[in-house]
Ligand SMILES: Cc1ncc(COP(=O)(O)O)c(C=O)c1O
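Coming up is one lone chain in structure tokens, specifically the form predicted alone.
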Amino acid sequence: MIPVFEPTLTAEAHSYVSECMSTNWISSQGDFITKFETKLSKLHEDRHCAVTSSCTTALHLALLACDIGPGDEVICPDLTFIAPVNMISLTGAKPVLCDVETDTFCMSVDTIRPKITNRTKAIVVVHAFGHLANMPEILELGKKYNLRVIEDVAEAPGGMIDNKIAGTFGDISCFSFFANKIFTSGEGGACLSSDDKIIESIKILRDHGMSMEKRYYHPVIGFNYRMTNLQAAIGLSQVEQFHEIIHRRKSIEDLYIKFFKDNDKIKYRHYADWCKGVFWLATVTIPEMSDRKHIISKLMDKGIECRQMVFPVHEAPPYHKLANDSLKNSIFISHKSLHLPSSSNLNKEQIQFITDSVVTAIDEQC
């Protein structure tokens, strides 16, 4: 079976983890946590950094650091993994869903602006499937309406706009290091901000609300959202190869684009001219009359694992009440897209086999 995604771990990862075990620094304290935070900071314009147990907890901490709570509204895309909306709800604020663009799969100023009310306090911008949202325009909108802007960079680390890297635009940015992400620590996340007071607040909330000056004194209610030294060791080994991994993955995507280029039935996701995207998942949109379940079944029969696009948030029962008539793009992209194998160790022959198999499965129907 060719998996949708699998991590590529190096000899350094094994060495660093062995060091954690031999020194017994395996929990939420240790040198690798500091080293990992420092490396992430240097890769992102020296922004202050706090690593966390997941991107989900990073999002929760980011929202709390922005004083989001009951009575507030936070705008978020409808086409996203559900974590950002869950975290908005967990603060007591109301998530407000907006549609995405058909070409970028991201929210835009045009989709956000109609959702702004006098209760809107923040925008959670999700950089979708390797493509960045148009951050310069969104930041201008945020400035106009005095809104906090939080970047969810889980699916697009390394992506750029005008040589400015994802995660360096908003007030706070949140990263994921889950095993199916471009860089992994197994489980894990991070918050980055140019505001040191925000990151200090996040670190206090992350560590049970404990004061950084007075041990075991807890001035605020906090959480246990810490990353372990073991996870940070793996994460460090990954981001030390940041540019090599991004380059290798681009060469894989270039092959997908080449092999799908002359097929007018399949739309391989592309990047806007203003965005230097990054390859996370190979994503294709299939013809409207095709049966996605049938295609997935045919590919599985050939030993090719693939994954349907996430459902729109409003289709989850807890969020049915958030549905509105403006979410048409989100629905279409979700129901007619799928993700193909995208691991860093794919070779040319495998990609040719995958693309040929997709074309055959669609030709049987259309």
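Just so it is clear, the structure is predicted and the values come from calculations on it, not from any experiment. So that there is no doubt, residue numbering starts at 1 and follows the sequence shown.
Form predicted in complex with this ligand: not shown, discussed below.
None of 170, 84, 142, 158 but one reaches within 4.5 angstroms of this ligand in the model of the complex through a heavy atom, and that residue is 84. Only one of 182, 126, 123, 100 lies close to this ligand in the model of the complex, with a heavy atom inside 4.5 Å, and it is 126.
The stretch among 208-216, 191-199, 149-157, 242-250 whose residues place heavy atoms within 4.5 Å of this ligand in the model of the complex is 149-157. In the model of the complex, this ligand sits within 4.5 Å of a heavy atom of residue 55. Proximity of residue 50 to this ligand in the model of the complex: non-hydrogen atoms within 4.5 Å are absent; the residue sits far from the partner. In the model of the complex, no heavy atom of residue 238 sits within 4.5 Å of this ligand. Proximity of residue 231 to this ligand in the model of the complex falls outside the 4.5 Å heavy atom cutoff.
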